[in-house]
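Shown below, as structure tokens, is a lone chain in the form predicted alone; questions about how it binds or moves come after it.
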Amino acid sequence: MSVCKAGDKIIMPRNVHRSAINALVVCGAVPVYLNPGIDKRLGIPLGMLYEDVEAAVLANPDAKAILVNNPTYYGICSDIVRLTKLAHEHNMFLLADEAHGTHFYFGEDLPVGAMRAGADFAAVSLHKTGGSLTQSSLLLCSERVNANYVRQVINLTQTTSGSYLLMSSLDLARRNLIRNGKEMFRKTIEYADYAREEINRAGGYYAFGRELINGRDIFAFDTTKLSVHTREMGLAGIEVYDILRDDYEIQIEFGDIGNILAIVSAGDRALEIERFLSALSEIKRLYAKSPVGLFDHEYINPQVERTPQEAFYAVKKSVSIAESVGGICGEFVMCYPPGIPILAPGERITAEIADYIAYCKEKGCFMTGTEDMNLENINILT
């Protein structure tokens, strides 16, 4: 909202968090979506190819900004230094969703933080990996940005009764990171690397890491993210997630249709890591089966027909998921976490998407975004 007004274009990957598309609904900016790369084995969306972004910039020279995930939920980073340079060469802003990147500024041997790469804005969720209280975060601004105007925009959306608990927790977390961040994240990376090595040695699962880096749509990898592929054992990630929670009292970050994500932090001890590894081993022994019939990817390229704002506020009708195929979606549909929309307002509902939604429900994913809380029906444009 600080760089885009109604009708302005913004170049962004489609695998953004729903909050980025919410902003388009509120301010009326028009997305120029880029489909991320897809890892065929893991079925996950990757980063942005420089060539794709450059083509979008040249085709949309009137765009105001480029938005980049730094990193994605899975820890995958695009070449943000080069993308920032591209944006500035074309008089555009570079915005970074750095919800999971707080530690980039304080650890060693980690991907570059967006502001160090020259970005104009970085939304940093300090509460995720920095230790502040939930709901507290920072918006970092470069000298190219009018911070006073940004403050006015923030006042349009935030409460006038700010929480001093949250604000003080930000300052305490910042102080702790400055003093102890290097040691905290060194320990974190050691634990995560050890867990990856042990999981891969045991077989069945695949804990992926830096070996994925290709210098293109996986330019860097956040090694604090312990992402584990489960589908080759015949289990959806959400199934492993549920078993870990219900049977072993281990709460991880999330599970999707093919992977689980455990975010290792400085608060973890060797005991927690060993319990996690033991639980995964036992789950494999008890539940492994043929992967035949499992979905092999979680990202489906969207068919965008209307802008998010136009579709969200359009006249709509509620129909069953089966009846919605061919219609234009008027609301969000997503698994949460990670909160990346399967459908966003303005996108065409295809048979593949309808099947994917049914599959996610069957596997027990927490589905949200629709007016119908049970996701039996979906709103489409009339």
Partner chain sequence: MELWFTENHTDDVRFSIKVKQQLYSKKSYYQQIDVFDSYEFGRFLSLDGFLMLTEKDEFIYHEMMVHVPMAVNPAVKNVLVIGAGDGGTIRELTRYPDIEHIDMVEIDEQVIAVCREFLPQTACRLDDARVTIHIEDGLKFVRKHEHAYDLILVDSTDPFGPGEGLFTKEFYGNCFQALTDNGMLVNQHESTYYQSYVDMVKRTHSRIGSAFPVTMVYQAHIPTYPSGHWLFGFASKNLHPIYDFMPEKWEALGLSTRYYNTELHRGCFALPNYVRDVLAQAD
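Numbering follows the first chain given and starts at 1. All values derive from a computational prediction rather than experimental measurement.
One more form of this protein should be noted, the form predicted in complex with its partner chain, which is absent from this view; the next part is about it.
Although the partner is absent from this view, Gln158 stays clear of its partner chain in the predicted complex, with no non-hydrogen atom inside 4.5 angstroms. In the predicted complex, no heavy atom of Asn180 sits within 4.5 Å of its partner chain. Not displayed here, its partner chain is kept clear of Ala147 by more than 4.5 Å at the level of heavy atoms in the predicted complex.
The closest non-hydrogen atom of Asn214 lies beyond 4.5 Å of its partner chain in the predicted complex. Looking at 115-123, 249-257, 86-94, 307-315, the stretch with residues near its partner chain in the predicted complex, meaning non-hydrogen atoms within 4.5 angstroms, turns out to be 249-257. Interface residue among Glu282, Glu232, Asp268, Asp193 relative to its partner chain in the predicted complex, by the heavy atom within 4.5 Å criterion: Glu282. Arg275 is the sole member of Arg186, Arg245, Arg210, Arg275 with a non-hydrogen atom within 4.5 Å of its partner chain in the predicted complex. Contacts between stretch 182-201 and its partner chain, counted in the predicted complex as any heavy atom lying within 4.5 Å, involve Tyr194, Glu198, Arg201, listed in sequence order.
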